[in-house]
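Shown below, as structure tokens, is a lone chain in the form predicted on its own; questions about how it binds or moves come after it.
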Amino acid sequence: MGEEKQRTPPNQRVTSKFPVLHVGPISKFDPKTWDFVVEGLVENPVKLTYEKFLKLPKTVSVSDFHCVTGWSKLDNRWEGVAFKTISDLAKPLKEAKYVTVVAEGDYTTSLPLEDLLNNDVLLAYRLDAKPLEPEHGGPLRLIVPKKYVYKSAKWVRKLRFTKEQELGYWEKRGYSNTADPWKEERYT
């Protein structure tokens, strides 16, 4: 219990379950029509089919998951593509400081590019050695372990590199834009 307490931000409780929370219906996935787009302030815009996305270099990252509603799930083994790999492919222009993450159903969030370049940030398509289930964000979910999970958007389809930060779905509704669970940055 001591180690769990040290790994759990203030006012969070550890769960072995994986609660399902999201805005709107669970996205339907068709690998034949699905695509992933990178646009905005980049030298090399990207558009990949699901098959081509899966051919990008794979990474594995074990991290903890902290929800703004107060639960934490420890030791999640995510597999996918490091955000840095996508950034290197797209080659952001020097004025690109933020990335807006666009998901199915027009859900968005955004983060500073600097935060997304951390080694533990990835676009995941597997969890604990199984394909990522749709209710947990499959086929593709952003994982940003150092932020509350509303920054880890489900059903990601597009990354837009920008000069100014664009507030996302929850941030426009009063949730913290910085979302640091260790500082309890839940709401503005």
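Values in this document were obtained by computation on a predicted structure and should not be read as measured data. We number the residues from 1 along the sequence you see.
Just so you know, the form predicted together with a small molecule exists too; it's not on screen, but the next bit is about it.
Colleague: Could you tell me if all three of Val46, Ala90 and Lys158 have a heavy atom no more than 4.5 Å from the small molecule in the predicted bound form?
Modeller: Contact check failed for every one of Val46, Ala90 and Lys158.
Colleague: Looking at 144 to 152, 31 to 39, 158 to 166, 47 to 55, which one sits within 4.5 Å of the small molecule in the predicted bound form if you count heavy atoms only?
Modeller: Of the stretches listed, the one contacting the partner is 144 to 152.
Colleague: Just to confirm, His136 within 4.5 Å of the small molecule in the predicted bound form by heavy atoms?
Modeller: His136: contacts the small molecule in the predicted bound form.
Colleague: Is Pro19 one of the residues lying within 4.5 Å of the small molecule in the predicted bound form, judged by heavy atom distances?
Modeller: Judged by the heavy-atom cut-off of 4.5 Å, Pro19 is in contact with the small molecule in the predicted bound form.
Colleague: Within 4.5 Å, heavy atoms only: does Tyr98 come near the small molecule in the predicted bound form?
Modeller: Tyr98: no contact with the small molecule in the predicted bound form.
Colleague: Would you check, heavy atoms only and a 4.5 Å threshold, whether Cys67 touches the small molecule in the predicted bound form?
Modeller: It does: once the small molecule is placed as it appears in the predicted bound form, Cys67 has a heavy atom within 4.5 Å of it.
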